[in-house]
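Single chain ahead, written as structure tokens, the form predicted alone.
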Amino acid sequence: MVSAEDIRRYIAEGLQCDSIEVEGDGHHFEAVIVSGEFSGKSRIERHQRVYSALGDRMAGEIHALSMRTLTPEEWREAHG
């Protein structure tokens, strides 16, 4: 069974991130991902970038992943 730490590591290996927080129960996961790569991209493009980093794992190991994808600037504004 995949863990939240596994997902965090998978994302970090495929996407340059400032911060990744992942929580979950082994089946359903929630992630907050902060990356400069998201600048100028739509929410869909950001999610596609994360899915690209996860590769085939989304079709097998990871059953459900909800995510918030933020640029470093958006993160600072939200957590000022």
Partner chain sequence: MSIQDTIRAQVTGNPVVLYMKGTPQFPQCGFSAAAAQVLKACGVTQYLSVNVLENPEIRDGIKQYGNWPTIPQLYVNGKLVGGADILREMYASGELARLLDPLKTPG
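Residue numbers count along the first chain shown, from 1. What you see is a predicted model; the values in this text were computed from it and never measured.
Keep in mind that the form predicted together with its partner chain is missing from the display, and what follows is about it.
No residue of the trio R8, A12 and K41 has any heavy atom within 4.5 Å of its partner chain in the predicted bound form. Looking at Q16, you'd find every heavy atom of it more than 4.5 angstroms from its partner chain in the predicted bound form. Proximity of L65 to its partner chain in the predicted bound form: non-hydrogen atoms within 4.5 Å are present.
Of all the residues from 13 to 31, the single one having a non-hydrogen atom no more than 4.5 Å from its partner chain in the predicted bound form is H28.
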